[in-house]
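Provided below as structure tokens are two forms of one protein chain, presented individually as structure 1 and structure 2.
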Structure 1
Amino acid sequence: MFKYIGKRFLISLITIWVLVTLTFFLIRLLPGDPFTNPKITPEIKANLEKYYGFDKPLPVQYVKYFSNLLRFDFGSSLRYKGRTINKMLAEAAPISANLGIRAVIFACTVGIFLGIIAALNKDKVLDKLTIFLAIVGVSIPGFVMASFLQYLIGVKLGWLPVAKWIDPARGMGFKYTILPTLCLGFGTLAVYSRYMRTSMLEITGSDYIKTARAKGLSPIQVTIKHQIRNAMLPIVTILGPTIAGLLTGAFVIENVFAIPGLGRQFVISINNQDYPMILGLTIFYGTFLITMNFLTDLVYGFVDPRIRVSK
């Protein structure tokens, strides 16, 4: 087990290194550069390139960037002059994480619950309702739903704030999180409910459920102790990709609700070819995703003893 973890850890590090290197060189292939601006002259551009060290050969820049990176120094933004990437990430990441965790919890709990309800009421009205909800959730893109709910609930009904995010100093709290969480989590919720339903129904006919029934357990005990627990397995498998999906979805949701998270930085940095920020975000996301996947594997091992044993 430890050997396995160690090996995975090493592979993760190599993956991150490949990611940094590829990104570093690939963004330079984008047409234009951070200083492409119709107003400035070639001489001024040369001054800027010198200032930021872009006049040096690319390998030299790479070595410099990488040595800084080893000291966890991501450099300064080219767009937000003078602000360090470390600080910008430190400001934005907790906000995105806050939103992301809310969305995951919302999507998982409600999704799984709906899946169970649907499975237990197979082909009845409640089942059909969750199918309808799932179709809506999967087929409506997050930004469409966000714009719609923002207009309906924020503007027309006035029940919830139109945009912005938690700020206790101004008495902005929980109610600001509801719409973004709902919009970000809804698609995932729909997927989860379908997965859970299918998974529950697959198990219904399996031998151990029959055995459990034969031992005389009550239907509730069978459902809770055996059916739900085993049906959760596929859900855990899709947790990693789910979080990846939520991250990409968050770009749009953060934008619509004017939430100062990483999504905003991502879009702005790419538009402005803010190299240090693009790299910083890529490394951040890459590391995060690799870690999540790693954790998913571990959790999987805990939930399913068969996997633990085989390793």
Structure 2
Amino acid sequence: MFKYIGKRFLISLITIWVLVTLTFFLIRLLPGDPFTNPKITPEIKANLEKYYGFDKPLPVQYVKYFSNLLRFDFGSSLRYKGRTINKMLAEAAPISANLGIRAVIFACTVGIFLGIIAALNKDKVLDKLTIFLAIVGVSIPGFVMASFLQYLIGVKLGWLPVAKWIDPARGMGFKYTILPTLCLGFGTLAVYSRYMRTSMLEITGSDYIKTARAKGLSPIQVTIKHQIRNAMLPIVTILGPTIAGLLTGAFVIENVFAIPGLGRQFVISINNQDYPMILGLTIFYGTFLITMNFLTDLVYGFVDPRIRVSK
């Protein structure tokens, strides 16, 4: 088991290094630069490049940035003067995580439940309804769903706020999280319900299911102790990337609902070619995603011991 963990950990470290290196050099290929502004004279531009170290060769900049990164120093933003990337991440990450946790809970619980119901009612009304919801969830882009719900529920019916973000811990802040949570989690809900339904149907005719029924176990016992437990393996596989994606921010959803999270900051940094901010957000998101994949591999190894011994 330790060999399995060590191998996965080493692969994760190499992946993070590749991510940092590629991101650092690729963003420099973007047209223009952070100081492309008619109001900035060549002299001022030269001074700014010297101040931020952009006048040095790229390999030198890369070594310096990587050495700072090893000390968990992401540098300072070019757009927001005097503000460090670390501080901005500390402010935006909890907001994205707050929304993401709500979306994960909503998507996982409802998606898995619908998948189970659909599998137990194969080719019946509930099954067809679940398949329809899965198709809708996968097919409709998040910004279309968000705009539709904003217009219908927020404008026409007036039940919920159209946009804005207020800390849910502050009184009526919870109602501002409902629409973003639905829009962010609906696509994942559709994927989970489809995976769970397919997995449940695949193991229905398995030998251990037939054996359990032959022993006289009730349908509820067979479903809970045997079918659901084994059908969860594909869900575990996609759980890590799903949690990472939802917790670290949804670019479109956060912009549509004016949520000051990681996704919105990422879009702003790209528009302004804020190199340190782009790097910081990409590395933060990528590292979190790789970490969740690593933890998923470990959980998968415990759930299914065959994974640990397979070559």
Partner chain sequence: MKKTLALVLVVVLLLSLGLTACKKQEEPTTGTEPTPTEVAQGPKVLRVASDEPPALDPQIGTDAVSIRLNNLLLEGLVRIHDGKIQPGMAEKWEISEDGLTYTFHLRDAKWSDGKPVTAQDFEYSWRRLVDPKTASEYAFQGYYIKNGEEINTGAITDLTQLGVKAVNEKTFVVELHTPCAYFLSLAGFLSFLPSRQDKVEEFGEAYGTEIEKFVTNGPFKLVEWKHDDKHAVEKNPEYWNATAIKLDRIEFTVVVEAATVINMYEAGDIDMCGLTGDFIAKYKAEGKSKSYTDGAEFYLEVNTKGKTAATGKVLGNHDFRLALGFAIDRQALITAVLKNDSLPALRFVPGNLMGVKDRFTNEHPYAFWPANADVAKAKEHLDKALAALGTTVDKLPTIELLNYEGDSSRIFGEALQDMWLKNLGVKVEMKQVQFKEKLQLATDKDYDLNFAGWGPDYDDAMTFVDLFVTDGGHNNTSWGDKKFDELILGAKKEADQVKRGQMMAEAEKILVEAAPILPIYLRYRNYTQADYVTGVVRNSIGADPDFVYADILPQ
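Remember, predicted model here, so these are calculated numbers, not experimental data. Each form is matched to the other, and the largest set of C-alpha atoms that superpose within 1.5 Å is called the rigid core. Residue numbering: sequential along structure 1, first residue numbered 1.
**Student:** Choose the one of the two that is the form predicted on its own.
**Tutor:** Structure 2.
**Student:** Answer yes if the Cα of V60 shifts by 2 angstroms or more between structure 1 and structure 2 on a rigid-core superposition, and no otherwise.
**Tutor:** Shift of 2 Å or more: yes.
**Student:** Superposing on the rigid core, does the Cα of S12 end up 2 Å or more away between structure 1 and structure 2?
**Tutor:** Passes the 2 Å threshold, so yes.
**Student:** Aligning on the rigid core, what is the distance the CA of Y51 moves between structure 1 and structure 2, in angstrom?
**Tutor:** Y51 C-alpha displacement between structure 1 and structure 2, core-aligned: 3.0 Å.
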